[in-house]
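The chain that follows stands alone, in the form predicted alone, written as structure tokens.
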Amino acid sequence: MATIRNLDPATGELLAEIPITTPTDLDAAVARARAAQLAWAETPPEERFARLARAGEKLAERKGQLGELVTYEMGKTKRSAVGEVQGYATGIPRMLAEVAEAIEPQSFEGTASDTVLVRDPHGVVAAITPWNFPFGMPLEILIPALATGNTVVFKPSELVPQTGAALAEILADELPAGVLETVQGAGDVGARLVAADVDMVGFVGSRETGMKIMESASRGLKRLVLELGGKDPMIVFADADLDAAAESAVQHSLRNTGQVCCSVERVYVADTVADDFEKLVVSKAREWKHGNGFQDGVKMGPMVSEEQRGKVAAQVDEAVRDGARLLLGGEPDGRPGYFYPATVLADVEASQRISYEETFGPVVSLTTFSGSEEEGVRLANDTPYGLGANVWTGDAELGRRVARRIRAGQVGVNRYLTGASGTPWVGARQSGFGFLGGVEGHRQFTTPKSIAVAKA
């Protein structure tokens, strides 16, 4: 039987061998989900919500155990891992309240008829999720998909199979048989799932994989929500609070060892303040000690795999070879595991690969610009991506104007890009198709239907 060799990224040691779902078993899982879907859709929403809320309570109760599993499998610090489980589990009631609002029937009165707009589930949803937030990202799809009356076949990343299985088991224990099925494997299993008898695909991952999913799903005109990668810019104007901007640049380039789709990956600094900003960034980045995620005082764990570390190292090495200045890090220290230190580059050019390909690693990449609004906007938009962006300036009106002109789904002005609770998470341009979160995001797991009744 083919298996996933699940490795501890901090040591390279084998954690477990997980059986890969066979094509026959995958088709059977989809068939069970299909058979369960009608009854689940006809279950009163209040009961669906109650079942999912109970599952959320169990997740929160087991946050310590589940957080440890995340640290073992993908390397993030235990504090961060436990926080991820706790934060998303306790956020489930809010998500369910948003779903209730999203599917509430709406009434419209016409001259000849009264119309009610209702929302029906699509049917069977394939949920394919990444490894960098192995609890949070699945829940962003699983909760609205299930709460709106769909059944789900869930494939977690092959790099976090045990975490995915643990999450699915806790949810499935509160659900009728067949409502949530789990399959395991890499890209070939995901491709078969997309091509199977499903009605919708919810995917979080790379742009390249998203394109393949879109092509495959087009053959059946399947509904899609794709949350893809980014190459998020930060613009630092000369009048910005440089200390706060540097803190944000470092925090959001290095957190989760830089393995975040909305990491700050391109920092454009006005040339008149570039020297001061560089010094602040290097000073702050030095504080980001890396090591085993179970160790006290560690801010960054290992990268998830040797392959991912190799991609980051190659981008950094190429940039330095082509003229970028290495201000900090840039060289693994030789310890076992997939560690890469906090790294700071300056004088990065647009022609270098690290400027246009997603890095997904702990690198602060600095480039100077003239400080003009026009050049800042042009540089920020010089990418096919459009996930997020950050603008730092002492001129609030300038900040709002630049934010409006940047082509991205989320923009932060004098803060990171995350918005208030209830706003959707949107990938503009090639960073997504459809979107997740908030009332409008949850509605994407449904089809609106108008029922018009003639007036007597």
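None of these values were measured; they are calculated from a predicted model. Residues carry their position along the shown sequence, with the first being 1.
Omitted from view is the form predicted in complex with adenosine-5'-diphosphate (ADP), to which the following refers.
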| message | adenosine-5'-diphosphate (ADP) is absent from this chain, but in the predicted complex, do 230, 385 and 428 each have a non-hydrogen atom within 4.5 Å of it? | response | no
| said: So adenosine-5'-diphosphate (ADP) isn't shown here. In the predicted complex, which residue out of 273, 191, 172, 102 has a non-hydrogen atom within 4.5 Å of it? | reply: 191
| task | Could you work out which of 258, 130, 149, 329 is the residue within 4.5 angstroms of adenosine-5'-diphosphate (ADP) in the predicted complex, going by heavy atoms? | result | 130
| message | Although the partner isn't part of this model, could you tell me whether residue 113 comes within 4.5 Å of adenosine-5'-diphosphate (ADP) in the predicted complex, counting any heavy atom of the residue? | response | no
| task | Indicate whether residue 209 is a 4.5 Å heavy atom neighbour of adenosine-5'-diphosphate (ADP) in the predicted complex. | result | yes
| 4.5 angstroms heavy atom contact with adenosine-5'-diphosphate (ADP) in the predicted complex for residue 204 | yes
| task | Determine whether any heavy atom of residue 158 comes within 4.5 Å of a heavy atom of adenosine-5'-diphosphate (ADP) in the predicted complex, and answer yes or no. | result | yes
| task | Spot the stretch among 332 to 340, 114 to 122, 217 to 225, 196 to 204 with residues whose non-hydrogen atoms come within 4.5 Å of adenosine-5'-diphosphate (ADP) in the predicted complex. | result | 196 to 204
